[in-house]
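This document starts with one chain, in the form predicted on its own, laid out as structure tokens.
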């Protein structure tokens, strides 16, 4: 059995990034990659849903192991894990919908209840849901469980809105974008930081998925016809650049602190 070395509270630093504009840009783009990347591997590359799911789940397990072993926030490890969580979260919902025939109404409700349960247990155990205090392994495990569930919930809710309720890709992106804007306004006018963060985090998933569908789907289906490969390549390139900048800045700060 593989075990992960434990660290004392004093040795831990917050394991997630500060919530900045760059954070939200990478988050939205990672959700889009989760939508387009899974389709590209399963359809364009020809792996099929089963092989794609197995490969991505294995990569996610490895990434989470590395993330949990790290004693502080490392940009490239963290965001690599988020991208993989996005892909796996998308595949979980797709498996339920396309593979098992579960209604999007049922899956959306089920994931919402599951997420609420995770938050309830997390708060009862830690008395906080703030991402500024992910400084112990238990809190980090709660955090990643919640993150995976938000991606699955966001995928189901996005598909429910754009497909079952007939909003379509363009209107779906506009509606979820407006909801994100309203959440930001609520925060600016004094809304709870923790609540508005998690609401915004959930909403960016269906927004990114709708945006991904809008960009990749053929024009006859209401999309722009860019295709999954081009869209995934563009968004991954932007993610890599932003993460590289964050990694460079963090390394520079640590080097200067070491010199001092």
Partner chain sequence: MSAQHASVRPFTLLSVSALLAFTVGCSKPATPGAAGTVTAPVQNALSSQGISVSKLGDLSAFRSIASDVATLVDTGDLSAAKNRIKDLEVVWDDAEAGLKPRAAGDWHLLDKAIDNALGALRANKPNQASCKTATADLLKAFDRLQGKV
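The structure displayed is predicted, hence computed values, not measured ones. Numbering follows the first chain given and starts at 1. Just so we're on the same page, rigid core means the largest C-alpha set that superposes within 1.5 Å between forms.
Beyond the structure shown, there is the form predicted in complex with its partner chain, which is absent from this document and is the topic of what follows.
You can rule out all but one of 132-140, 111-119, 79-87, 164-172: in the predicted bound form, only 164-172 has residues with a heavy atom within 4.5 Å of its partner chain. Not displayed here, its partner chain is kept clear of residue 192 by more than 4.5 Å at the level of heavy atoms in the predicted bound form.
Proximity of residue 24 to its partner chain in the predicted bound form falls outside the 4.5 Å heavy atom cutoff.
Proximity of residue 28 to its partner chain in the predicted bound form falls outside the 4.5 Å heavy atom cutoff. A residue is said to contact a partner when one of its heavy atoms sits within 4.5 Å of a partner heavy atom; residue 50 fails this definition for its partner chain in the predicted bound form, lying far away. Residues of 38-55 lying near its partner chain in the predicted bound form, listed in sequence order, are 39, 43, 44, 45, 46, the criterion being any heavy atom within 4.5 Å. Residue 214: CA moves 2 Å or more between the shown form and the other one after rigid-core fitting.
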